[in-house]
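Just the one chain here, laid out as structure tokens, in the form predicted alone.
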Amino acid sequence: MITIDGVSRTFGPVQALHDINLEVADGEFLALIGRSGCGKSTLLRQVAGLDKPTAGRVLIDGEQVRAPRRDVAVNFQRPALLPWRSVLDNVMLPVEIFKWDKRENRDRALHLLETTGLAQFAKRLPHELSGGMQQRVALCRTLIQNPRVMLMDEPFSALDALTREELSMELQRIHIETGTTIVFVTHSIQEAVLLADRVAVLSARPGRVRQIVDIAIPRPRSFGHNAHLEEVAAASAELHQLLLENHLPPAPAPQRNR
């Protein structure tokens, strides 16, 4: 589905990414995790067609990405809702941009709002909603495009811990139902384990793929009491260790006996 082939990106003297090679299967949920400044968001922008690699290429279904695509939707850290438009009108924005049938898609927009618990807020303005509710609106706006690929750049990072877990569970449910291919950037080990099929751990700048960790835990997953709590804890510990090793100083040379 997505092929990242030898992608590197430099900004003047700064090399953000170096020789990234990744394959993302159709319907897979891949999380990108790493320390701040390792190039996670830069890599996502290459896949979205919002930036061009200095070297290498990105392909979706064998076609090189040279610009944004209609079947690829992007969610950023901030929901970026238009403040003068109602919740429903914000969700309908892609319909207007792409000149799709408004009547047909209005029913779908209302259904999406209902499934995310926002049906009663359809006529409200964004400033009347909490941060978590605004992110749900942004998610509905993405889903109405029926994208084949969703690229998500730390969409829950500005929210409180409980709201983040609730929205992670909601995204997990949506992924199970739709089978959309998702690439999800996060700093949170918990989010990565809760959501992903695989986690790509990036090294410190310049970002390289340090290791890919399979999360072979049955869905649905949660951090509450459940049958897979030990597996969740083990995967979290493995990712924590990999991230910690990225910042450990080199071991001192052994002392020679005199």
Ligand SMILES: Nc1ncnc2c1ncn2[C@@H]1O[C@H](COP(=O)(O)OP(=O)(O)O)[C@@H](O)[C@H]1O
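Residue numbers run from 1 along the displayed sequence. For clarity, every value in this text was computed on a predicted model and none was experimentally measured.
In what follows, reference is made to the form predicted in complex with this ligand, a form of this protein that is not presented.
Partner contacts here mean any heavy atom within 4.5 Å of this ligand in the model of the complex, and among 40 to 48, 193 to 201, 228 to 236, 211 to 219 they occur only in 40 to 48. Taking the partner from elsewhere, residue 36 is found to have a heavy atom lying within 4.5 Å of this ligand in the model of the complex.
Among residues of the shown chain, residue 16 is one whose heavy atoms approach this ligand to within 4.5 Å in the model of the complex.
Put simply, residue 69 is far from this ligand in the model of the complex: not one heavy atom of it is within 4.5 Å. Contact check for residue 205: a non-hydrogen atom falls within 4.5 Å of this ligand in the model of the complex.
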